[in-house]
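Only one chain is shown below, in structure tokens, and it's the form predicted on its own.
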Amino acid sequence: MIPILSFSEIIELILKVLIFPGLAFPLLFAMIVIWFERKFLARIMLRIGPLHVGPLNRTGLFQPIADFLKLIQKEIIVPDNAYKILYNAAPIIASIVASMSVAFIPYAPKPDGGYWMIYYTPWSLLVILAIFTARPFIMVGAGWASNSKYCTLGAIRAALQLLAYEVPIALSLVSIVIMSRTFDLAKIVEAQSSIWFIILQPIGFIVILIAMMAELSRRPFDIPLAEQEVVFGWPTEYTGTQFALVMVSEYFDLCAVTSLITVLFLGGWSGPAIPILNDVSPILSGVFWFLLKMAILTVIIIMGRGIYPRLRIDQLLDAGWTLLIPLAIIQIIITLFTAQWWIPLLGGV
């Protein structure tokens, strides 16, 4: 049977889908992070960064909006030899798939029970992992459909890289599931009410942080997009709105990854209650701590672009297969052998 929602539940669902954590939140996250990344990296490299667009002196706050408006006005050029249906569909699919993960992440508990998320399922961790595994097919499909040597080389590199780093991600998640005994992300957060998993599983945190940076093709793992070698990799031929969708999907992925790591290792919404926010709504205090942890992770991931050189493809693949996978297995073994000590520390388990 189709459940009948009350008026308040319909309003709540609309707020979730359109504002937070739905459509508006990843878009706002993308705009803020694009601006922050430019200014932050400029400071690391002793540059100035964007200056002129937007309010406040020398901030360039509206530069991402100006760039987006410029891109959507440009002509969409489809190569003559491209496989046009897949070529044109790939940017749309990439942005949709990138934003889907956010729907299954709990951002705060509700006072009347349940969680502030778009769609609840007790298998949310598996669903998000399945969504992540779709990314290599999109990249390979777009690179092949472009019928360009640079796009094809970039797609092959992306496929090799993602294959090497999805294995340590899955192994790191095994340790989390062993500790929490659930695939439900909300229950995983509740299991950390007494102690965060980053303290109990520091190796797993390091592994999944590095592997997720590789999943996002963030430097030093940006070999699929190496400008000096393959122009811009698999999205090289895209222009205008299609290129804008590809770039926005990258930051949608960053939003989903930082949200997921916050849930898995940093206790999600857990943190001391903030009286001012609690007076407005108890949900806001949890959301504040969740967003703060996301922001810290985002800065750490962005920092890699400013302080590390790009790895060669052999170094990149060796790091995934010979370093991260053994470390993830070691974390599983440690988790199994120390279960008798850490189980009493976990709440909600």
Partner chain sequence: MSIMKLSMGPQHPITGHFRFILDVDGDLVLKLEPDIGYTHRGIEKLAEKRTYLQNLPLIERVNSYCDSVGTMLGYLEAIEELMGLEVPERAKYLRVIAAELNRIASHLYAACLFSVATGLETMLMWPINDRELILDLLEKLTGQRITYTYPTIGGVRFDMSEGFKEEALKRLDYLEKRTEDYYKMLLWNHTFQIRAKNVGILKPSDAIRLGIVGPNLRASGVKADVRKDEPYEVYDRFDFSIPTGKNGDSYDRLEVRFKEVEQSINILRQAIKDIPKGPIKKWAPPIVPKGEVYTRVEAARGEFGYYIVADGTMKPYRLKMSPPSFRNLIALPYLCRNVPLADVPVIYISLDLIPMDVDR
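A quick note: this is a predicted structure, and the numbers were derived from the prediction, not measured. Residue numbers count along the first chain shown, from 1.
Beyond what is shown, the protein has a form predicted in complex with the partner chain; the following relates to that form.
The closest heavy atom approach of R310 to the partner chain in the model of the complex falls within 4.5 Å. Taking the partner from the other structure, the partner chain in the model of the complex has a heavy atom within 4.5 Å of a heavy atom of G306. Although the partner is absent here, R218 lies well away from the partner chain in the model of the complex, with no heavy atom inside 4.5 Å. For V299, no non-hydrogen atom is located within 4.5 Å of the partner chain in the model of the complex, even though that partner is not displayed. The contact residue chosen from I156, I261, I198, L277 relative to the partner chain in the model of the complex is I156, the criterion being a non-hydrogen atom within 4.5 angstroms. Of the residues given (L209, V140, V231, I203), V231 alone sits with a heavy atom within 4.5 Å of the partner chain in the model of the complex. Considering the partner chain in the model of the complex, the lone stretch of 265-273, 209-217, 148-156, 246-254 in range is 148-156 [heavy atom distance within 4.5 Å].
Contacts between stretch 34-49 and the partner chain, counted in the model of the complex as any heavy atom lying within 4.5 Å, involve I44, M45, L46, R47, listed in sequence order.
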